[in-house]
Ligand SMILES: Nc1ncnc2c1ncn2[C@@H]1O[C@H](COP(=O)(O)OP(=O)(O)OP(=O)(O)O)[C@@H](O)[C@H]1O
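Given next, in structure tokens, is a single chain: the form predicted on its own.
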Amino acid sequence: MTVEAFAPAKINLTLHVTGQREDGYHLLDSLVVFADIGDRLTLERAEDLSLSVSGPRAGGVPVDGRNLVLKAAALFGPGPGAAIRLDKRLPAAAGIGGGSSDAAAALRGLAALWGRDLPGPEAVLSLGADVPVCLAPGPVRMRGVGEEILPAPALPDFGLMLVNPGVEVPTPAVFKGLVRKDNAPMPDLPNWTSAAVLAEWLAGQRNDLEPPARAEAPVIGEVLAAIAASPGCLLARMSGSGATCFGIYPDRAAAEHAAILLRESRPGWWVEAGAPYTL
């Protein structure tokens, strides 16, 4: 028996930092979507549990217990084995939840392969704040430390371009660079009737991590400027703690056209185009 699982890129269309708990964890209010750009996992029954990694972004990805995929598998406890193959296409430490999405895809895939229930919410959250939201990819409002996941209004069709300049931005340093940690949350989410209406609403919201991330990696400013200047771009913003940034376009075709042009002018950057994804 073989099971395949897709691990889509997680994109924070907004990311408001609204507080910090006594244990140090930050409180967030974020509109999250997923892109049909991501990693792929293939899982087969085996005597032992193993992980192999291939693909254009496989370099430096651990295949031992440090990898979140194997940590996710451990949550099921003792049981049958599995040979897990990860086709790594998303850049690591990039603000688009690649490792978390891989872990969530592994949980879905192993549950199907072994006929088991998914581990409980607290166990899943122990893998990282982004893993719970990645379990059922789709547009949601994520609050708290990642444990409060609320449905979002239906999104209009739109195109997405993701761009990473090839630098890793350490998340702890970005949070440490926040000027304040008690920023205003998002207002109630409206109904968005078009990509343009969505982009206009998003322009009034924030990613509070963008200023400190740009201080850590000034190239993020170059990325945002390049996206904003691309034909058809309705909004350019950074995702998560960076350094991946995204552009919103009227449709997939416009995003793909922008990606072709940006790859030509910035061949060293990772550039992918797509559209929202829902499991």
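Everything numeric here is computed off the predicted structure, so don't read it as measured data. Residue positions are given as counts along the sequence shown, with the first one as 1.
Note that the form predicted together with the named molecule isn't included here; everything after this is about it.
Pro91 is the sole member of Gly109, Pro91, Gly159, Pro165 with a non-hydrogen atom lying within 4.5 angstroms of the named molecule in the predicted bound form. For the candidate set Cys233, Val61, Val219, Leu49, a heavy atom within 4.5 Å of the named molecule in the predicted bound form is found for exactly one residue, namely Val61. Stretch 92-100 is the contacting one of 92-100, 74-82, 111-119, 196-204, since its residues have non-hydrogen atoms within 4.5 Å of the named molecule in the predicted bound form. None of the heavy atoms of Arg45 is located within 4.5 Å of the named molecule in the predicted bound form. Taking the partner from elsewhere, Asn183 is found to have every heavy atom lying beyond 4.5 Å of the named molecule in the predicted bound form. In the predicted bound form, the named molecule lies within 4.5 Å of some heavy atom of Leu68. At the 4.5 Å threshold, heavy atoms of Asp208 stay clear of the named molecule in the predicted bound form, well away from it. When contacts are defined as a non-hydrogen atom within 4.5 Å, none of Leu135, Glu148 and Asn191 contacts the named molecule in the predicted bound form. Interface residues of 209-243, taken as those with a heavy atom within 4.5 Å of the named molecule in the predicted bound form (partner not displayed), are limited to Ser241.
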